[in-house]
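Shown below, as structure tokens, is a lone chain in the form predicted alone; questions about how it binds or moves come after it.
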């Protein structure tokens, strides 16, 4: 499986999957729905799936002396690696904005979401939606990806809308503070989102392996 994972990076991956990691820098943009950065990171991953499909990579891989289920696991490992890098970049920039830039007027007066542990939790939920709806949807046929990505796009925009609206509700203003108010609770929310991401991704991978075994390529 490790060699298949490396193959994903060297042969199947689109350069856009790496380039779109720059979208993590949206974390520093005031007056912008910064969760769109997570969406663009997933869009970069979508380009890798599209690139691999056009190169007929799926058929090529399953003709190798490897198990079909290992191909699925390698795909999920590749996706999670790129998402992990994107998340670490978002986390590092969140730390900068909550410390060095916390007093900036553009951030203090920002009506949209500010970076915080809750923001990072929302990033993980968007990544989880991608793994379940798009990657899991792709392995229903191992070819069609338009409808799965559309479903992910709708879910992502819904998650972004909810996340952007939450801090406007009474009692939830701390979700948008630049001073790190109620950090303990925010980190608990982040841990819960990490657990959701891990569980949903594992379940999606498990179901995708079973589906892919039944597909006659």
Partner chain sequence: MQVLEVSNLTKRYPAFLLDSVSFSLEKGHIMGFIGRNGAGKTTTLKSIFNLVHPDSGEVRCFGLEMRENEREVKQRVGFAGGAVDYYKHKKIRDIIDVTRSFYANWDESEYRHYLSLFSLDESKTPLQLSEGMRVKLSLTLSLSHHAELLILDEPTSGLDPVSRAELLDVFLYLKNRGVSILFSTHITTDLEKCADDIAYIAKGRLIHTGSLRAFLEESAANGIGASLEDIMVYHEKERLL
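Bear in mind that the values here come from a model prediction, so they are computed numbers and not experimental data. Numbering follows the first chain given and starts at 1.
A second form of this protein, the form predicted in complex with the partner chain, is not displayed here; the remarks below concern that form.
Asks: So in the model of the complex, are 4, 55 and 60 all sitting within 4.5 Å of the partner chain, heavy atoms only?
Replies: Per the other structure, all of 4, 55 and 60 touch the partner chain.
Asks: Residue-level question: is residue 11 within 4.5 Å of the partner chain in the model of the complex, judged on heavy atoms?
Replies: The answer is yes: residue 11 has a heavy atom within 4.5 Å of the partner chain.
Asks: Looking in the model of the complex, any heavy atom of residue 158 within 4.5 Å of the partner chain?
Replies: Residue 158: no, not in contact with the partner chain in the model of the complex.
Asks: Is residue 67 a contact residue for the partner chain in the model of the complex, using a 4.5 Å heavy atom cut-off?
Replies: Contact with the partner chain, yes.
Asks: Does residue 97 make contact with the partner chain in the model of the complex, using a 4.5 Å heavy atom cut-off?
Replies: Looking in the model of the complex, residue contacts with the partner chain do not include residue 97, since no heavy atom lies within 4.5 Å.
Asks: Counting only non-hydrogen atoms, choose the one of 89-97, 108-116, 68-76, 130-138 that falls within 4.5 Å of the partner chain in the model of the complex.
Replies: One stretch meets the cut-off, namely 68-76.
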